[in-house]
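In C-alpha cells, one chain follows: the form predicted alone.
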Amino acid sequence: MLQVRLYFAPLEGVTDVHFRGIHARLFSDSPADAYFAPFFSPTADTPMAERDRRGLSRENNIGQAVIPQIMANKPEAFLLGARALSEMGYTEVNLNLGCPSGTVVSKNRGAGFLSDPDGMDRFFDAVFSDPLFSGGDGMHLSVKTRLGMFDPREFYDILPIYNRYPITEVILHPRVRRELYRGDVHTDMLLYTASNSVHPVCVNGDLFTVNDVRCTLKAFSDNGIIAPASFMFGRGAVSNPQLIGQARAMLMGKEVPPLSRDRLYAFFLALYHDAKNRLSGERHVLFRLKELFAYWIVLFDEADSYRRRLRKAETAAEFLSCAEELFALCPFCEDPGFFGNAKMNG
C-alpha cells in the first residue's frame, strides 16, 4: 500500500466544525487523515474571532485531526493568529495562498499574495525567524497555493521561495487565480513541482473520483516521479462524502465501496437536524440546505424538476419534504466513476 495521506479541504461556509464532526462520525470507517479548517483572518485587535475559536476548540473537534488555516499577508498578523492556535494546543497551521475570491485577492491575500514574490519572501523570513516557528518543538507551517495570478509560469519564481524555508508541505491546486475552478488543471506544472520541491507535495484540485487519483498516480509513475505525499479532496468529497474512503480502499488494493443512497440520506438528515437545532431563523437553515444540495443534486438522475423545487423552496419544511421525495423516487448513481462527470462550481 502506498503511504499517502488523504485530506479534507477547507471550503468556506461548508466544511465548518459541524460538518466536519458529522462527517467524521458517520464515515468513521474511512476518516480523513486531517480536516483542514476554513481560514480565519487575524488582526492586531482580534487575533481570533470568537466564532473561529469555538470552531477550532478541541472539545468541539473530538474524533478529528484538524489543521487550522490562516489568511494573512502580514507576518505580524499571521503570528498573532498562530500564537493563539499554539495556546489552544495546535502544532501545525496552514497558510492560505490559494483562495481566488475577488474580495480576498483585492486585499492582496490568498492567491492575490502570489503576485508579490518579494513580499512573500519577506513574509516567510519574518515568520520563520520568530521563536514560535524557528524552534524544533514549535509550530509547523504548510502552504495551500495556486500557481500564480495569471500565468502558470509564475510558479517558477514562487516555488524557489517555498524551497528556501522549512515548510512542512506544499498543497498545490495547479491552476492560476484567473482560472478559478474552470478548465483543466496544469498537470505539467504539478509534475514540475513534485520534481523540484524540496518539501512533500500534496495534490489538490479536480479530484472527484477514485479514477482521478489513479490517473494522477499514473502520471507521476510514467514520468519517473515518486508518488505525492498526500491528496486533498474538496468539492469532490462534499459531493461524494465517501470519496476519501473510496480512495483509501483503492490505495490498499481493496474493492472500492460505492456511496449508497441510504448513507447519503443519513448524512443529509444529520446535517439538517444540526442546522435546525443550531441556527436561528428559517432563512439560515434553508440557506444551509440549499448550499449542500448544490453538491448532491448531481448524484440523482432525472432530477431537474426537483432541482427547481429545491431552489424555489421558501421554508425548511418545504425543502425537507421535497428532498425526502427526491431520495425516495429518483434514480441514484452509486458508481464511483460517475462523479467526475459532474464537476461542481465554486
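Remember, it's a predicted structure, so these values are computed and weren't measured experimentally. Numbers follow the displayed sequence, beginning with 1.
The protein also exists as the form predicted together with a small molecule; that form is not presented, and the subsequent description refers to it.
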| query | finding |
| --- | --- |
| Heavy atom of Gln64 within 4.5 Å of the small molecule in the predicted complex | no |
| Close approach of Arg109 to the small molecule in the predicted complex, 4.5 Å, heavy atom | no |
| 4.5 Å heavy atom contact, Gly234 and the small molecule in the predicted complex | yes |
| Heavy atom of Gly205 within 4.5 Å of the small molecule in the predicted complex | yes |
| Listed residue (Phe27, Tyr35, Phe319, Phe39) with a non-hydrogen atom within 4.5 angstroms of the small molecule in the predicted complex | Phe39 |
| Option touching the small molecule, based on a heavy atom within 4.5 Å in the predicted complex, out of Tyr90, Tyr181, Phe128, Tyr265 | Tyr181 |
| Stretch in contact, per heavy atom within 4.5 angstroms of the small molecule in the predicted complex, of 197-205, 271-279, 75-83, 254-262 | 197-205 |
